[in-house]
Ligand SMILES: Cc1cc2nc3c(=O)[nH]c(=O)nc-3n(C[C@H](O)[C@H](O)[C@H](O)COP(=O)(O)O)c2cc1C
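In structure tokens, one chain follows: the form predicted alone.
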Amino acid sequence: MELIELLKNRRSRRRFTDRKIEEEKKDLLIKSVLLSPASKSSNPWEFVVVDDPELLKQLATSKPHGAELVAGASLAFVVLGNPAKSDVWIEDCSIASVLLQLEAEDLGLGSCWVQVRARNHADGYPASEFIKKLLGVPENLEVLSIVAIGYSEEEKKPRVFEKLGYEKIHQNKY
């Protein structure tokens, strides 16, 4: 698929079927994040790939709103960053997350970004601390997000070029 078509069709998917993701597709998803660019080739990102249904259910409780969809996914990438490796680890990890979502779309899978950084668990402490404890993540790493992936149960129409908000584009000067 051409990139512009991927961008038109990629939508957040919050409901997934029970169908498991094939190992070949999982491998391509892993390769896509490892090919992600990073400032000064610092590669401050690391990923925990979760396909255990019980862990997915527990990840779904990492924050009170917006994470519950993880329980229905076949797979989740927990996106981690190392601030000691790069002062732009948030940006680098965000790029990797978006490339992961585009690869998922290209493979016929749905995905949804779940924001974790700067969010709290229902008990008031940081959601990232809950996830670090659950998955055994070292203290020097920060949790940016969870990208939930699976075969989408929902149909969404692609975006339409005519409704893209061209008023937000400014040529040469604002």
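Numbering starts at 1 and runs along the sequence shown. Computed from a predicted structure; not experimentally measured.
Form predicted together with the named molecule: not shown, discussed below.
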If we test each of T61, S39, N120, Q115 for a heavy atom within 4.5 Å of the named molecule in the model of the complex, the one that passes is Q115
Picking from V137, V50, V33, L69, the single residue whose non-hydrogen atoms come within 4.5 angstroms of the named molecule in the model of the complex is L69
Exactly one listed stretch (51-59, 105-113, 121-129, 25-33) reaches within 4.5 angstroms of the named molecule in the model of the complex by non-hydrogen atoms, and it is 105-113
Legend entry - 4.5 Å heavy atom contact, T17 and the named molecule in the model of the complex: no
Residues in 2-29 that come within 4.5 Å of the named molecule in the model of the complex by at least one heavy atom, in order, are R10, R11, S12, R14
